[in-house]
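This document starts with one chain, in the form predicted alone, laid out as structure tokens.
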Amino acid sequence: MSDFICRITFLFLAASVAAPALAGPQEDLKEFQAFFENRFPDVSMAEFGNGAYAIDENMRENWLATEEFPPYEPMVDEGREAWNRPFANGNTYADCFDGTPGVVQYYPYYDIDKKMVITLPLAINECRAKNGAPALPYGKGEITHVMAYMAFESRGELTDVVSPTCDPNALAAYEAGKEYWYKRQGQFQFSCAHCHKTYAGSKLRTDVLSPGMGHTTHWPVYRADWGEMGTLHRRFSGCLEMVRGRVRDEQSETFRNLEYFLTYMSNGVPLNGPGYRK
């Protein structure tokens, strides 16, 4: 649906939404991406998906060496096997995802009927429930292997989250995610935006703070300090722990809304998951 149609639809559906929100997502997207393009003029749109490896040459060299024999490769294979393995009723994941694993570019999205943001892990467990299979734990393990295979098959596709202005409840979820991104958290009173927008590219001890644009394109990730694959929400929790803030549950409404906002801010950035981070 084009932004024009979205805006027309929104005007009919969202008369009760406060006027400032009407300036919303499209303008936010332009400002957000322009900020990073101006801050890092030598970094292409595609490179932003590589995070700190796009802006620090020494880190990039080590990362490229690791990517020659990526530690996430066995997880992609396990995810492929799980994708093709029939459930007890004979169906597979393909029956839930239009026959193809290459759909990651469309997640998360706002489900108008359910009135909630649907992330890929949530969709995977919904698929399992429809086919009589038990839910998988979020954060790590088998669900990240399925995600890794789907991400691998979606590589090169452009992030394409539908404009939240198509529905007033979607816009409210987007605004909640945006508010959380800019909100100071925890004992240290840092926001996501402090580290990954204002000070992106700066050093924190020995680490380089990665740009917020492209943060959602490479998940799930094999992190060396985890020694396994993990999800974006697991990383959200890790950031909150570092600033001594309140940690939410995987797939909580707060984290789903944050992912919705942040992924929309990466619209147009190619997918390059699964990824590796130290």
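Note that this is a predicted model, so its numbers are computed, not measured. Start at 1 and count along the sequence shown; that's the residue number.
Not pictured, yet referred to below: the form predicted in complex with a small molecule.
Among residues of the shown chain, residue 242 is one whose heavy atoms approach the small molecule to within 4.5 Å in the predicted bound form. In the predicted bound form, at least one heavy atom of residue 219 sits within 4.5 Å of a heavy atom of the small molecule. In the predicted bound form, at least one heavy atom of residue 195 sits within 4.5 Å of the small molecule.
The small molecule in the predicted bound form comes within 4.5 Å of no heavy atom belonging to residue 230.
Partner contacts here mean any heavy atom within 4.5 Å of the small molecule in the predicted bound form, and among 79 to 87, 114 to 122, 93 to 101, 202 to 210 they occur only in 202 to 210. Residues 29, 164 and 256 are none of them found to lie within 4.5 Å of the small molecule in the predicted bound form, as judged by heavy atom distances.
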